[in-house]
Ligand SMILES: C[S@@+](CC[C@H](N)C(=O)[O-])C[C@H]1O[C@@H](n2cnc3c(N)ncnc32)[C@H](O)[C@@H]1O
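Next up: a single chain in structure tokens, the form predicted on its own.
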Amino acid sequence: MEFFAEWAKLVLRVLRPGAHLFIASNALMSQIVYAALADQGLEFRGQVIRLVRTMRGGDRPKNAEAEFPNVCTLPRSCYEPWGIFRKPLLAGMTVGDCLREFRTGALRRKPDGNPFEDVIESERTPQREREIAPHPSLKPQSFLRKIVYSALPLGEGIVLDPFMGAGSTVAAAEAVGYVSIGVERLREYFEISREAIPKLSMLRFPDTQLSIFR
């Protein structure tokens, strides 16, 4: 919690008023992470539920599986929560004012004009993407492009990923035509990202709803 509290202070220094922050978490850690960010002054604006079935949870009691066959210690994970936060608007400023002055304050609607939604059905990261960018927590482009697209309400500004990993968020930003900056402290993943970003950003999807995202 201390890490995210200190990190939130740094984030507030670089975000424009009204700028949004998305942070991936899990069902066990989200309450701790969200509280740390909110305590430092970021506004909690809800969360995106990424519907994806993983292999986490649902296990029988360790070393007592046969004794308690009809018990699971945790539910099988079927979703991944992404917290949505916003840097507060300036005093007396409306969302409209913020959009005019800072180009922030809201979320971008989907390409078809419908509102951005807080539940997104998602696949597990495809093997072809894992081969391009081998990273343990790689998110699929089909999901990330929707998140990134929504982050800049007028399609203007810079998407920042301070935990870039293998560059999947930066690749998603490039795919939707946004300017982005990625920061990664581990040289191994930084080097992977240099080759992975252009390859991931060029991936095409047959789904017509993703046509704008290539």
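Predicted model, so just to flag it, every value in this text is computed and none were measured. Each residue number is its position in the shown sequence, starting from 1.
Absent from the display: the form predicted together with this ligand. The rest refers to it.
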Looking at 157-165, 28-36, 61-69, 173-181, which lies within 4.5 angstroms of this ligand in the model of the complex, counting heavy atoms? 157-165
Close approach of I132 to this ligand in the model of the complex, 4.5 Å, heavy atom: no
Close approach of L186 to this ligand in the model of the complex, 4.5 Å, heavy atom: yes
Contact test in the model of the complex: S137 vs this ligand, heavy atoms, 4.5 Å: yes
